[in-house]
Every structure is written in C-alpha cells, then in structure tokens.
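Only one chain is included here, represented as structure tokens and corresponding to the form predicted on its own.
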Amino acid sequence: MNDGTNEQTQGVTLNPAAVPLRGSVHVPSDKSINHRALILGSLVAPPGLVVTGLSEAKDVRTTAACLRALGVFLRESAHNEWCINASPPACVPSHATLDCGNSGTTLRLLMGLLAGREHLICTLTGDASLRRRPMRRVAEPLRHMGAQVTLHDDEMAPVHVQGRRPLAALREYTVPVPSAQVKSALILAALAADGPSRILDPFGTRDHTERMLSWLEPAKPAVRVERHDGGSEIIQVEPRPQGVHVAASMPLVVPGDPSAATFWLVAALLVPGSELALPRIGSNPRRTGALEVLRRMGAEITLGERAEHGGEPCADWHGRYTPSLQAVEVSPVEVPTLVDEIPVLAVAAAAADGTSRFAGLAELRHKESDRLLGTVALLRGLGVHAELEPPDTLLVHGRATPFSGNVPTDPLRTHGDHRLAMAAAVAALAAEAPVHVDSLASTSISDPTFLKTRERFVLPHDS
C-alpha cells in the first residue's frame, strides 16, 4: 500500500523520509476563509460574489452542500472560480435538514446565519464527533437575540433553529470562550438585527469574518473593529437587511492555509537536509502564532514575497532543517493564534533541547476529538516523554532522537482527527523506524493533497 492511500483493517504503515524534503509544497487554500467566503457570499446582493481558489477539503464541500440545500446558487467554473448568489425568496425552503459532517465551523456559523432567516425552520446535524461538541456557547446569545434554538440535551447537535427577522441587537456582548466560530456566528446574526450590535472579543481570536466584511464594503463596512493591546477587540456590527453589497471589482482570492503549511514547515525542520518553499500562505497575525513559536525555538524560517488578497495578508513561507531546536514556553494568550497547530508544534518540541510547556489548552478538548489527550498519547506512542499537567497544560520533554517506530499490532490512534493524523505522519518522516497508525482517512478533512505530497519524500513501498 502506498503511504496510507489504501488503508486496510490493520491500519497504515508510514515509512521515514527517504530523501530530504526539497522544492515547493502547495497547500490547499485557507479552510477558515473558505467557509466564510461561501457563507458571506450567500448574503451578497446581485450580481453576487466571485471567489477564486476554493479548497477541495471535505469540510469546505460540506458548507457548499448545506448552502445549496438552502437554495443558494453556487456555480464552479473550469478555472476554479466560484460564483455565489443569494437565494431568491422563492427558492428558500420552509424546512431543511442540513448535514454538517465533521465541520464545527459549518454548523456554528450556519446557526448564526439561519437565526436571521425569517420563516425558516432548520435542523443542523453531523457525524458522531460533531454531535459531541458544545453548541450552547452559540445558542445562548442567539436566544437573547430572539431566535428559537433547541439543542440535544441542551448542549449538542442536532440543533433546531427557527429564524426570525429582525433579531434583537446585541447591545453589548462579551464572547465567553476563545472561539472565532462563536464570534463569527454572532456577527452573522447581527447582520439581521434591528439595530447596531456591539460584540467584545477579549481573546483576540481569528478575525477573518471581520476582514472579509470590510473588504466587501470598504466605503461603509458592516463591521468596524477597535483593536487593543493584547489582541482584544470590540466589533460594531451594522445590520444589512437588504444584503451585503460588494464594492470590490476583483474576485475574492483565498490564500493558502497557514495551519496546513505549518505541518510541512515542521517536517522540513526535522528531516536532515530539507528546505521547503510554501507559496502564497495566509499570514494574518491572528494565524501566525505557530511561526512565532517555531522562531523562538530557533527554527530557520523566513517569509518572502508579500501581498494582500481579500483583506488578508499573505506571503511565501520558507523552512529549512534546523538541528538545534530549543524548548519553548507557550502562554494561554498565544493559544488562539495557533490552536490548530498544537499537535505538530508538540512534534517539533519533541525534537528540541529541554522541556516545552504549552499552557491554556482547554479548547483542544472540544475539537474533533479530545485533542489534548490525543496529542499526549500520540507522543508517548512515538517514544516521547509527554504529560498533561492539570487542568490543561501540555509538557513535552525533548530529546535528540525523538521518534521511535512502533509495532503494527498496536497502531497509534488518531481518533478520526485530521490534526492528529497529520501530526503523526509528520513525525513519521523523522522517525528511526516505520510508524503504524490506525487511519489517515481524516487528513482529507483539511488537506486532500497531504498524503500525495508525502509520497514524494518516502520509499515507494509504504504499506
């Protein structure tokens, strides 16, 4: 079998890298921005929104399928351009059941969008993993706005939403958890409110929704953001009862996903002789915390040519083998800017000199799996001394030869979590012997190209 592309019941065997990792790696476009381009595009007044470079990732396709079920017009051209037009009132169903698959972003952002859809009753559900993830953090503020939202066991999906218009504005609401999904859901709902809303984000989470709305209407944006020291922000949202009107004449171009790029950066740092280029990667400061951590570890990373697309900065990233990484301290305030990269940063920390400490990781318990416990188990299975310091701090004790192989009869468990699966595959490139994992199927959720790219650097008889 070829590097996990044809999985068998006993799992997947991953060989170490046979050659240095050299050349360019093109990662899919930013998954977070993809979701928002599709969903905000569904609110754009005629003639609609043109988006270039949408990802083939499974989660993104899930969002597109849900919007089509709501009557939104989505047309993909041969040149990977998508035209998105808001659904005419006659095409909006009165009842809909939407399968959000494994995508928490899809479900939570659609909760905010549908809360302001008058006369629509909708059920949002997903796979077993998604149905275990917390949804009350979105439901409660939507209820304050007047939407009727019912949760399973008052906490999880399936979620039943009965929209209304207008919603009551959020005069002042502080987001209680470091979640850009919660914040974005409330911004979407506030676009259908009866007046201005004021949303406070004390954590400095991803600001893609705010940036995109500002890019769509630069002269009079629906959102205005005050940013403060420490990353906190105050978002003023003006309702858009007639939809969002695009002033920009150029298509919305989605940059490369910085989370996916970080996995390849770490691979280049760990495999001797490697030097990789990652073109046109999104370099929003709210997404580059992993770069700053790796640089503090002494990693040889540079950013090349810079540009801006759709209100998002991007740059070419370059990473080179670094044999003398140093342990690092990561504080809770940094976590929102690197939350998806924790598993692969822990892989890098395993190769560093000293003990690395990652604090404030409670949000990892609410991902596709309990990603905090999953990361500890993954590292231990690779022979790394890793431990959890209650309640939510990860300690990784680095060493010069970090990763051992393991026996096929006891494969590493990825729990269907794409970040854990990709972290295991990166570690295996730098391992002393083959690494066995239960499955790599979940990698397609965020990066359908990941396994094919990995094949370039390993022996052809991975099995």
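As the structure is a prediction and not an experimental result, all values here were calculated from the model. So that there is no doubt, residue numbering starts at 1 and follows the sequence shown.
The form predicted together with a small molecule exists for this protein as well; it is not shown, and the discussion that follows is about that form.
Student: Just to be sure I understand the contacts: of L113, V339, L216, A139, which is the one whose heavy atoms reach within 4.5 angstroms of the small molecule in the predicted bound form?
Tutor: By the 4.5 Å heavy-atom cutoff, the listed residue in contact is V339.
Student: Just to confirm, with a 4.5 Å cut-off on non-hydrogen atoms, which of K367, R286, R240, R117 contacts the small molecule in the predicted bound form?
Tutor: Contact check passes for K367.
Student: Go through 375-383, 263-271, 103-111, 342-350 and give me the stretch that gets within 4.5 Å of the small molecule in the predicted bound form, heavy atoms only.
Tutor: Residues of 103-111 come within 4.5 Å of the partner.
Student: Quick one: does T322 come within 4.5 Å of the small molecule in the predicted bound form, counting heavy atoms only?
Tutor: No, T322 is distant from the partner.
Student: Hey, in the predicted bound form, is S32 touching the small molecule, heavy atoms inside 4.5 Å?
Tutor: Yes.
Student: Does the 4.5 Å heavy atom contact test between P178 and the small molecule in the predicted bound form come out positive?
Tutor: Looking in the predicted bound form, residue contacts with the small molecule include P178, since a heavy atom lies within 4.5 Å.
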